[in-house]
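Take a look at this single chain, the form predicted alone, given in structure tokens.
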């Protein structure tokens, strides 16, 4: 097993590497490492090694579709076509991984540009968890001289909201860190809810960190706008053909340490929830701003007939 692959796989599984965008970039980097270090003697052996590595990575986090989408991109672009040697295949896979990483980084900048246009000077914004895309929107708004104030939900049990609060404060933005259960209390004070996404389905529903749906429902009740900032690799192709998104449930010790175990009590720790499309106003992508109802068309445009094919690491 490639040591860099295993380090990244373990990091994703343990949430040392977290956030859908970061996971996608890290997984593409892991395939690049496997390709670079491969000692395969034939193209077939090399292809099998890369696909096995992709399978190992995909198994680490079942909900974040950015990971399998990154694997689809690198394998379909890197192992596509006639390659006469292992070196040809190696060069192709490394280039595909580099292209994906570059596109992912460029996407954040574009999302920041497009999303910041929807923020007005003086607005108060509520956000949840630690989304690079959502942070970029708010950073761009501040860089344009807009005076905004952010309410960051702390996002239990891993407290990713503290990372968001730190990043925004370092950008010179006024930040309030609030407990998750205070979202409804403060939503009436804010003008805008901006969140990221771990997956977006064909019907425009958004799978994101637990607590997002609560904030969106409260915003809907208060007639407060809800924007989702997400790269297009977070759109879930399998949902077009009826597949459901698996919601990951993690170790209950993240919520209640084993030392504090309560007899007769089962601790539940779902990581994500699902926000219906009717609670979302817009989705900001690197391709532009779309209503959630346009997700189906974006997915078919992105993946074409690949939607009905088996995943490349299973072929």
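Predicted model only: the values in this text are computed from it and were never measured. Positions refer to the first chain, counted from 1.
One more form of this protein, predicted together with a small molecule, exists but is not displayed; see below.
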{"query": "Interface residue in the predicted complex among 236, 209, 90, 72, criterion: non-hydrogen atom within 4.5 angstroms of the small molecule", "finding": "209"}
{"query": "The small molecule in the predicted complex: contacting segment from 92-100, 123-131, 140-148, 167-175, heavy atom within 4.5 Å", "finding": "123-131"}
{"query": "Close approach of residue 61 to the small molecule in the predicted complex, 4.5 Å, heavy atom", "finding": "yes"}
{"query": "Residue 299 within 4.5 Å of the small molecule in the predicted complex, heavy atoms", "finding": "no"}
{"query": "Residue 116, heavy atom within 4.5 angstroms of the small molecule in the predicted complex", "finding": "no"}
{"query": "The small molecule contact in the predicted complex: residue 160, any heavy atom under 4.5 Å", "finding": "yes"}
